[in-house]
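What follows is a single chain, given as structure tokens, in the form predicted alone.
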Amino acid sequence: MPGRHTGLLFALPALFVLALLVAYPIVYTVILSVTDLGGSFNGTENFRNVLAARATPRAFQNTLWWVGGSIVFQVVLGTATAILLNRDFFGRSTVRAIAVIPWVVPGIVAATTWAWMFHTEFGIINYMLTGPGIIDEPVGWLTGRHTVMPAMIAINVWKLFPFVAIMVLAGLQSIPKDLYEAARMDGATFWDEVRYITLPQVRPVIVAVTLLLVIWALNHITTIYAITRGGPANLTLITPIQIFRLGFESFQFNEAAALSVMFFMVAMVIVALYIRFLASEGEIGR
């Protein structure tokens, strides 16, 4: 007869591999954050050095704009796209397939393509705006103080809104059609259906997708690093890129580890607050 701990014994190999892949890197990063290059314990010196750097508050502020701006537009545009793709029209399957293209394009390819499109002199975006006379002269989208971060956010929104659309569209398929038929009999308009039926029914999906987007945005550096590398003048520098610079460009691995630990704690606080909010709203457990 199998014992009480038989299941645990079978799971031990998988738990051991998981510990090597997850727990060990985290522990080693924490050790690096409190030691110097020689391996000697130096307490919070690495943390103080990182916090004293001029780039740190700028990177944190940019990260908030990057994450917040990306997620808001990704969720709004993705949900709107899902609602439109859920309606019956000619060529719906083709349009659905086309809508997924931005998501399946590799990140580095998308970043390089958009960098050329936003180019001040040769970019098609400036050409399309100057041709009809919408703007008088080309705009330096990737060099202007007030345009470079919105441009990065726009690229990130274009890249990930199809994922939101697919997830929400899957949730829309589970809504009983009887609800819409009853609403139409009561004289509800399309916007009434969206407000009182569609959005409440797919809210759990939107909540789960938003959490994923938060985690991805906090760790995503491909778009910004491939196009601006955090510039110009640190206008697009976000915390993950600052960590990368410290570790693999300046070879300050201990300070990079210290910043990683702080960033990890901030990310965990954000996720914990979000989960607590969901629990208070009754979304978890549905």
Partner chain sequence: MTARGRIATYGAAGLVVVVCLFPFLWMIISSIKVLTELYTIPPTWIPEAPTLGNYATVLFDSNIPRYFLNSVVISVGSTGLALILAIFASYGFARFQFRGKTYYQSFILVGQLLPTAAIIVPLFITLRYLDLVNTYLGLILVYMIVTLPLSVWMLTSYFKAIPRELEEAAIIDGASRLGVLFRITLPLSLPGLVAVMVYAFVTTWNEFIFALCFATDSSVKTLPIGLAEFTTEFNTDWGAVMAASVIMTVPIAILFLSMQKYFVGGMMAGATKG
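Everything numeric in this text was worked out from a predicted model, so none of it was measured. Just so we're on the same page, rigid core means the largest C-alpha set that superposes within 1.5 Å between forms. Numbering follows the first chain given and starts at 1.
Below: the form predicted in complex with the partner chain, not depicted.
The partner chain is not shown here, and in the predicted bound form it never comes within 4.5 Å of any heavy atom of residue 196. In the predicted bound form, the partner chain sits within 4.5 Å of a heavy atom belonging to residue 113. The partner chain is not shown here, and in the predicted bound form it never comes within 4.5 Å of any heavy atom of residue 55. Taking the partner from elsewhere, residue 136 is found to have every heavy atom lying beyond 4.5 Å of the partner chain in the predicted bound form. Screening 188, 207, 117, 148 for any heavy atom within 4.5 Å of the partner chain in the predicted bound form leaves a single hit, 117. Proximity to the partner chain in the predicted bound form, taken as a non-hydrogen atom within 4.5 angstroms, holds for one residue of 42, 61, 234, 222, which is 222. No residue of the trio 72, 76 and 182 has any heavy atom within 4.5 Å of the partner chain in the predicted bound form.
In the predicted bound form, just one residue of 45 to 81 lies within 4.5 Å of the partner chain by at least one heavy atom: 81. Superposition on the rigid core between the shown form and the other one places the CA atom of residue 16 2 Å or more away from its counterpart. Once the cores line up, the CA of residue 274 ends up 2 angstroms or more apart between the shown form and the other one.
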